[in-house]
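Only one chain is shown below, in structure tokens, and it's the form predicted alone.
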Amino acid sequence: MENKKYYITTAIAYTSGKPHIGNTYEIVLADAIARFKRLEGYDVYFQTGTDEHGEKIELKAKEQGKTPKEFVDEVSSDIKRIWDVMNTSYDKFVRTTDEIHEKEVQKIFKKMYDKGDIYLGEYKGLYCTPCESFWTESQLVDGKCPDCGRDVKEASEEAYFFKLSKYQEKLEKFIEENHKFIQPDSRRNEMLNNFIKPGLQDLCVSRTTFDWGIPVPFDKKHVVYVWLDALTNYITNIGYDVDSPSEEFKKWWPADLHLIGKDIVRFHSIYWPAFLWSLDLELPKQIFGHPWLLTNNDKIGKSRGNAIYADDLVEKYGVDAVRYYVLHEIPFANDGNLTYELLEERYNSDLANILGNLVNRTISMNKKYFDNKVVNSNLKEPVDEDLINTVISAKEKIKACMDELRVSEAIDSVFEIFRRANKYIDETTPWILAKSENKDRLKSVLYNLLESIRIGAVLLSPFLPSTSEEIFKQLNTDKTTYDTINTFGAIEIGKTLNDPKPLFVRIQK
């Protein structure tokens, strides 16, 4: 049987500057989902990258005395570096300045124009340069841009428009009939009620007031506007071609999941479906608008002076501690909060105490009492059944959470294994068994603990990959795949464990 495929994307990061931890959360979330799908046996393709055109970039480059290309080359490589620091397993890092993308965008624009979905007109409106968005008077909040809160200016220019209004009814019907298309439900309702039902305006898809963009193929004074350029990256980089889509494209499209921030759901759930229908393509299966990571309950931003960067956090706490915090502390539909104090609290309570302490105690006891050898006497007591049931039932629980993208809840279910194993140590008191004549019972107790840790580490691997690797190394086991955790008892008798090493050292306040 051929592996089931799974194509997941993040939004491509805008190259206006270094991404803060809030931007980095998205790539870590996508990575956990991609790794879990691979663990389940899916053939996964995970795409991320950078969005590199537009007026804002042209202005920033000018300020720094660089060409736009020099500027985006630097920022894009910095973004890629941070994605790599976070140990993310993307398959392709794409750039909208890649030649393959630029050429295909021109062909897409021409196809839409030839079809009658793009026409020439004049744009008048209130324009926000940082967001590269036109707004109507009614959309402004206190006279300012509704997205970023900055000033807008009146602008008018000749522009090409995409007939978004043509797809209004089709889009409304599609979203109403396909409840899972936009998640969570709150975003879905917002798109329908606030944006689609009040009526869609045709969309400006070209600009003439700056040069840093992909030229419109048949009218060189225009460049393709950022959203038509950026959104199409999801198809141009998997072999889409207007004339003859490749086998690779046929394999991967439609995407299974576009994972994006809640602030750009509108572009992905309104513009993108209309663009795809214009090209006679299927829509992605799901768009998930994840919540934000705040700091001190305030939106993170360079302009606010409260930006926290992932690489700085990693230097202080390590990659997996940062991954754990952002994945665990941001619920399915509500914003999460990050402060150094909260991170250190989680680090000590969950990573050092619950997980680190469990692994260290268990392997140390096994070394002390059985010279590092894995032993088992199969002496069963009622207390063992409860532990084993908790461990074995975790797989289905975690799968159910991950199928609904409830990643925070999935991690909680992994840690339930470790919490239960810690309780089991208190219930069975191995140090007392070691002093008694009951060495056989001690063998079973330690075996049950080692096997619980192994199964927990398999399920932990999508979230904290390096930590799981280290646990497998200490357990000296190659039983690390998803199919080895269906039953309890795969860790091999007679194996010699490696010496215990602390996974997470407590942070002193």
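This structure is a prediction, so every number in the text was calculated from the model and none was measured. In this text, residue numbers run from 1 along the sequence as written.
A second form of this protein, the form predicted together with a small molecule, is not displayed here; the remarks below concern that form.
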| query | finding |
| --- | --- |
| 4.5 Å heavy atom contact with the small molecule in the predicted complex for all of A11, H20 and G261 | yes |
| Contact assignment for the small molecule in the predicted complex, among L203, I411, L387, L293, heavy atom within 4.5 Å | L293 |
| The single option of H101, H222, R188, H268 touching the small molecule in the predicted complex, heavy atom within 4.5 Å | H268 |
| Interface stretch in the predicted complex with the small molecule - options 39-47, 25-33, 444-452, 464-472, non-hydrogen atom within 4.5 Å | 25-33 |
| Non-hydrogen atom contact L231 with the small molecule in the predicted complex at 4.5 angstroms | yes |
| is_contact(W227, the small molecule) in the predicted complex, heavy atom dist at most 4.5 Å | yes |
